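Shown below, as structure tokens, is a lone chain in the form predicted on its own; questions about how it binds or moves come after it.
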Amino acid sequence: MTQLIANGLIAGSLAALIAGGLALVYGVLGVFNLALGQMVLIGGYSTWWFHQVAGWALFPSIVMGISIGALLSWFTFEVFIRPFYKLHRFLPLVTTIALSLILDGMILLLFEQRPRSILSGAKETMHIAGAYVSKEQIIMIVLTMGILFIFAYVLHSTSFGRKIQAVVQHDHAAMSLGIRAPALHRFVFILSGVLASCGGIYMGIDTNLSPTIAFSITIKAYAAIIAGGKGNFWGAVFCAYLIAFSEQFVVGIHWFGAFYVPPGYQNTVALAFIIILLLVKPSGLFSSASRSA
């Protein structure tokens, strides 16, 4: 049981990084980015290439991975989001689907289908309160908590955070008060790409990167923001952890002392979670005020 909790905390920290940025994008722009999973992989694969192929040290490789993720996010916003999202909120769905297919092909072409791990060799594990965790996993969990704490401070205790909240509530009213809403739109989208890249680096250090997991990453992130209430940052973070813990317990518990759920069903937990929640509470667990695109 302790190991399942530890695994849920590890997986939830990864999901919270990705879903939190996505929730900010929806709250500010009112659009979905269906190339999110590919952005996660680009950040992770870029870090892997600089560390394992180019021979750079880990920290500069991580900086380069995050930088490439930010650059890709900027390009995505300028070419696939900004020309369309004011025309209709669903147009970016089409454009980012196209981008996701393009990035899938690029990832397969550049990195092939073999699993890639940023850190080579076996990781040293520690036995803590009945659970086995590696030093890298502990560091990544602490860093994720630190990033979320910084977000909490910026969003709720700074003038910049209040500007973001004003744009979330009504961007035209915010612009009438002198807030540069278009610049904030761009910044928040790039920030979501940075968080996605951090998630890819997290994944590449913790386990392996594979081109086939982009879709499941996207689905789980959207499950978290739908369950948390579309646009609610903290609701998305909470539900990311909730879904991650649910996945671990569904396949990890000996149900009724008779059977285990096969690990192949783990990824269906997020989809089942969405369906059940939409039947019970369609607005999400922590729904915020609705907005128009």
Partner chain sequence: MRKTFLVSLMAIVLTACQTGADSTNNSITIGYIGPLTGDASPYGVDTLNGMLLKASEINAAGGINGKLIEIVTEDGRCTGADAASAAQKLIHVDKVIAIIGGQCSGETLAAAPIAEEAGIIMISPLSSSPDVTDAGDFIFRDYPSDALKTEAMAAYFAEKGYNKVAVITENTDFAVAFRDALKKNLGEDALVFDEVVEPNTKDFRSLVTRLNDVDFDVFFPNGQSAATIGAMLQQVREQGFEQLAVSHDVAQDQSLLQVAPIASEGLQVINVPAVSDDSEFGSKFLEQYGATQAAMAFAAHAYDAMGVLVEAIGTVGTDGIAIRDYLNDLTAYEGVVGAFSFDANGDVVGIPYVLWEVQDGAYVNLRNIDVN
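This structure is a prediction, so every number in the text was calculated from the model and none was measured. Numbering follows the first chain given and starts at 1. In this text, the rigid core denotes the largest set of C-alpha atoms whose superposition between the two forms falls within 1.5 Å.
Not on display, but discussed next: the form predicted together with the partner chain.
By the criterion of a heavy atom within 4.5 Å, residue 116 is counted among the residues contacting the partner chain in the model of the complex. When the partner chain is considered in the model of the complex, residue 112 lines it closely, a heavy atom lying within 4.5 Å. Contact annotation for residue 59: none of its heavy atoms lies within 4.5 Å of the partner chain in the model of the complex.
When contacts are judged by a 4.5 Å heavy atom cut-off, residue 251 counts as touching the partner chain in the model of the complex. Here the chain stands by itself, but in the model of the complex one stretch of 187 to 195, 139 to 147, 158 to 166, 124 to 132, 124 to 132, has heavy atoms within 4.5 Å of the partner chain.
Of all the residues from 1 to 23, those having a non-hydrogen atom no more than 4.5 Å from the partner chain in the model of the complex are 3, 4, 7, 10, 11.
Annotation: Cα of residue 252 displaced by at least 2 Å between the shown form and the other one, core superposition.
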